[in-house]
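Presented below, as structure tokens, is a lone chain in the form predicted alone.
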């Protein structure tokens, strides 16, 4: 090791899903298979490129207002960032500064460990049970903060709002973050609890239900004090985080509620149909309430199946090979045609 390497911060990075550019059926990164609201394309077509010579509004005021109006909260309760990853990272940096460990599930979004290690935050993982469900009682103990996705990833399992509230209520002296990237495909949001609990932050994204993964928009909703702390950290880190285009497109995406709700219904209907079809082929699927399905098959090695899907059918799904989930794949819910292609290949594969 060279002398200067002793002072380099080394972390094990998050490994994102593959982003192939050749023609494939891409069901590996939970993107929405449908385009964003028509107004998004229209605003891109009509935007004056001359705007791009100027810095964007550091407050992203138009987008903040659109979100505040949509969720019926004040603008002081909304924080926006470059995807929910940016928002969550800023939350780790801002709120998890205790010497006590932050708690999150052992099977969950793998970026949590990366941020904890990057920012030198102690953490402990609470094991999900044998059915991959979060055990709420594991969070009823001393800690430096709590974060969990609902629905969880990569399982897709939804924790009922009453159980979410129990976790918050048992942890009034620390910040509790509920990561709701997939909530639009599931049940009630913890946003209902914002006014009741001043230690709660709810984080959501435009990447899933709003079909804008490529635009990178995420947001947090909380009380004005916690949002102010987030903005103080953001402006100390990078004032101009969101582009002019992202702000304008985000506003248009929020406006079209009917398109948003129709898209969600299509994905949920396809998800439920695909779960039944996978069950017919002998797969065991968790009862996902996200825009993906977490599945295993008792008769086949899942890694070999994943490789066959990728190499023979050019169908990309997500495989980790991690402890406890080494025999599971995660399948993003695509269009009906994409899911038909997946199921057609798997039907042939399971009949060999």
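Positions refer to the first chain, counted from 1. On a predicted model such as this, the values are computed, not experimentally measured, just so you know.
The protein also exists as the form predicted together with a small molecule; that form is not presented, and the subsequent description refers to it.
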Item to check | residue 210 within 4.5 Å of the small molecule in the predicted bound form, heavy atoms | outcome: no
Checklist entry - With a 4.5 Å heavy atom cut-off, would you call residue 176 a contact of the small molecule in the predicted bound form? => result no
Next on the checklist: Contact with the small molecule in the predicted bound form for residue 256, defined as at least one heavy atom pair within 4.5 Å: yes or no?
Outcome noted: no
Item to check | residue 216 within 4.5 Å of the small molecule in the predicted bound form, heavy atoms | outcome: yes
Checklist outcome for this item: In this chain shown alone, the residue from 202, 157, 181, 242 with a heavy atom within 4.5 Å of the small molecule in the predicted bound form is 181
Next on the checklist: I need to confirm a contact call. Of 190, 221, 167, 88, which residue comes within 4.5 Å of the small molecule in the predicted bound form, counting heavy atoms only?
Outcome noted: 88
Next on the checklist: in the predicted bound form, does every one of 84, 109 and 153 come within 4.5 Å of the small molecule, counting any heavy atom?
Outcome noted: yes
Next on the checklist: Among the candidate stretches 99-107, 130-138, 145-153, 263-271, which one is within 4.5 Å of the small molecule in the predicted bound form when only heavy atoms are counted?
Outcome noted: 145-153
